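Provided below as structure tokens are two forms of one protein chain, presented individually as structure 1 and structure 2.
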Structure 1
């Protein structure tokens, strides 16, 4: 801060004030400008303009549409005329033999009602699609002659894609594809189908009221088993995966705390007079922190293979460095008077630590452990995606298949809920544990001390 000399003439004072304003203005406008320039550089370095062209908006559209809707496939094998109905075209979602949803009429000819006047008929030989306002599309697939599509007269609209071997019709009501061997109709519905029960379950299609009634009639266990072993959504596996992720975070964080605490005593100036040992331990902390969870994960998964243990150990090793640093700083800040007070009663060294030191650092210790427990839940998700464990693995698997976007959406919702729950839980526990033995004014002090280390 510059100070004004009071004995200056008015002119000089003015010019000095002007200079100050100019400097302030440069700071005020220069800094945002610098940020803007940097972002412009990044814009070109990352080729954002080119990305816009490269991006596959079609993928994005299917992703969004698929995350809240599902499609039912009605498939006819053109070689033998067999018709099957399956949700998402998966075996797990197939309607049992002889059953079909009410918009599909099975028989000699299969009539599929796509609503709003759209009707697809699988005949004995030919497939017909009656599009209101356009006309009748007829194909007669044959092994040798191709699909033989007959369209109404006029130009082929862009929602019909026709060639010798393939016909694809995409309308708002659904989609029909015909090849030599297969005819397939997709009809889209909103929601996550079969979320509660799969089609082969006796409880499929029953409302919540009916289910409650059955549950009270003594079938609660069976209902739960049907839901729990749902083959489509695999609720059991998902619950295990979430549990594994939280387990990784729990073991990693608390294990790191247990390992770091004794090491922190060695690294604290007021508990260890040996400078060289102190220096060594501190460099070990810096090293394990600097190597980063990514590399630890890679190294450890070579030794232990994929799974939650690897993830837990990776978190444990990385956080040992961080906790060691935080705890040793907290130990260096402890009040000497309490230790002396305990010593004056004739306490030996362990007793001095137990009653003079530990109570002082407990609030810092607990609040840090709980902060990290929450942030490590997130890390465990990420590490799980790399090593293969927990909900992270399920998520990457679902994304790799590139079609189960409703499952991806489900996992994302679960992950967000899990992290928010851990956030709330760790906050609740922190308040409970710390305000239990320390009064409010002290808590504020602890908080402000703890904050610089927060890894949110």
Structure 2
């Protein structure tokens, strides 16, 4: 029936229509206005303008560059004159004694060619940097007098930072840093150096074709060992960390499902007539799922110590409450006729649950378990950083050191691939278990010319 199909006079109907249109105008214009006012409040309350001014775009650019490139450090000990060359400045990536990249000429005087005319020279006492278009920068570090820098005449450019204790020169070709005790030059190169083999490996610097030839010649096992035990990138440790992360998610999710299912029967209205018991179980569900998994991780790590099992237990506790609520609601919506049909065959209570209830809620059980398994794979990364296990721990360690951001990028790529794999795997398993997506056999073609079989 229409809203205006009443016995009211025309003036009253017109008044009601005007009020209705006014309310709609208020809703159409008032709600967007409230949203705009809220966004304006957020803009000033969180000082978005100040945040933009405080942002260091230079540091962000350096961080991004570090994720897809590496630095080769040439370091001189000003106390004894020893010079070393290392990838990322690590001892595990140090060039063997007597060797260096082709752009570093070792000797009594070390000459570092940064290309495009940029040349740094480590002399016996002084360090020189010839910058094209600017001039020669000379510094003499002394433990008592500090860093004595000699610059070309004129104002000091902003890419030079000089004080009594330190000189830093940053150009597009590289960077020179001089302190009382150490002088260091580093240069950027694209790629993830030493990802396959370290400098001390006999397979370092060999191309794919040469490695394939050596593999077919009987060195496949040695090549794999050199890669698998890489000291810089630790592929073996990373693979085990990925396995620990997936194991945490799997144990936590599956354990939560096993614990929550019997409790869900107690919390379901149509399976448990005791209201007080149902109320108590449901409040337990609210309590364990109301506390975030990260909080449970901190609490359980204090109780049981760090480790992957503690992370799995934190996931189990949190998901038990969530699964309990979902499963109990699914149980309350089961079809009683199917249960009565099983009961009519003389089945006892466990058999009625097994054949009359479980098949009805199985799609819900499997769907939720697989979804949470995928979600918990991501959560296990953060939980592992707290409990000291999985890929999350390696990622946190790499971020804290702020040394090798290409290693951070490597871990992030692995985490994304792991989540993508779990997404594909859970979807494939869901189709197999729920939808019954199984290939049916092809129908055999019938020969129309074949003679029919007639019984005698």
Partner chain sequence: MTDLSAGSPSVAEIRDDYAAQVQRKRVYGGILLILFVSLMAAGFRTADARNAGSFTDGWHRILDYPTEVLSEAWEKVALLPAHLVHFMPALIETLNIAAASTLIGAVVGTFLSLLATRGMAPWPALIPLFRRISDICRAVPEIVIALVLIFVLGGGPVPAMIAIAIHTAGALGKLFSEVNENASLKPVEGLHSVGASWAQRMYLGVIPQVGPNYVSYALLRFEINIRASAILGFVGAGGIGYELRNSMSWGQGKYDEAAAIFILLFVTIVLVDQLSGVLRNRLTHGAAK
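Only the largest set of C-alpha atoms that superpose within 1.5 Å between the two forms is called the rigid core. Numbering follows the first chain given and starts at 1. None of the values given here were measured: they were computed from a predicted structure.
K.L.:
Mark the structure, either 1 or 2, that is the form predicted alone.
P.N.:
Here the form predicted alone corresponds to structure 2.
K.L.:
Tell me, please, whether between the two structures the C-alpha of residue 350 is shifted by 2 Å or more, with the rigid core used for superposition.
P.N.:
No, the C-alpha position differs by under 2 Å between the two structures.
K.L.:
With both forms fit on the core, has residue 286 moved 2 Å or more by CA between the two structures?
P.N.:
No, because once the rigid core is superposed, the C-alpha of residue 286 moves less than 2 Å between the two structures.
K.L.:
Is residue 234 among the residues whose Cα moves by 2 Å or more between the two structures after superposition of the rigid core?
P.N.:
No; that C-alpha moves by less than 2 Å between the two structures.
K.L.:
Superposing on the core, what C-alpha displacement does residue 100 show between the two structures, in angstrom?
P.N.:
With the cores aligned, its C-alpha sits 2.4 Å away.
K.L.:
When the rigid core is overlaid, by how much has the CA of residue 130 moved between the two structures, in Å to one decimal?
P.N.:
With the rigid core fitted, the alpha carbon of residue 130 is displaced 4.3 Å between the two structures.
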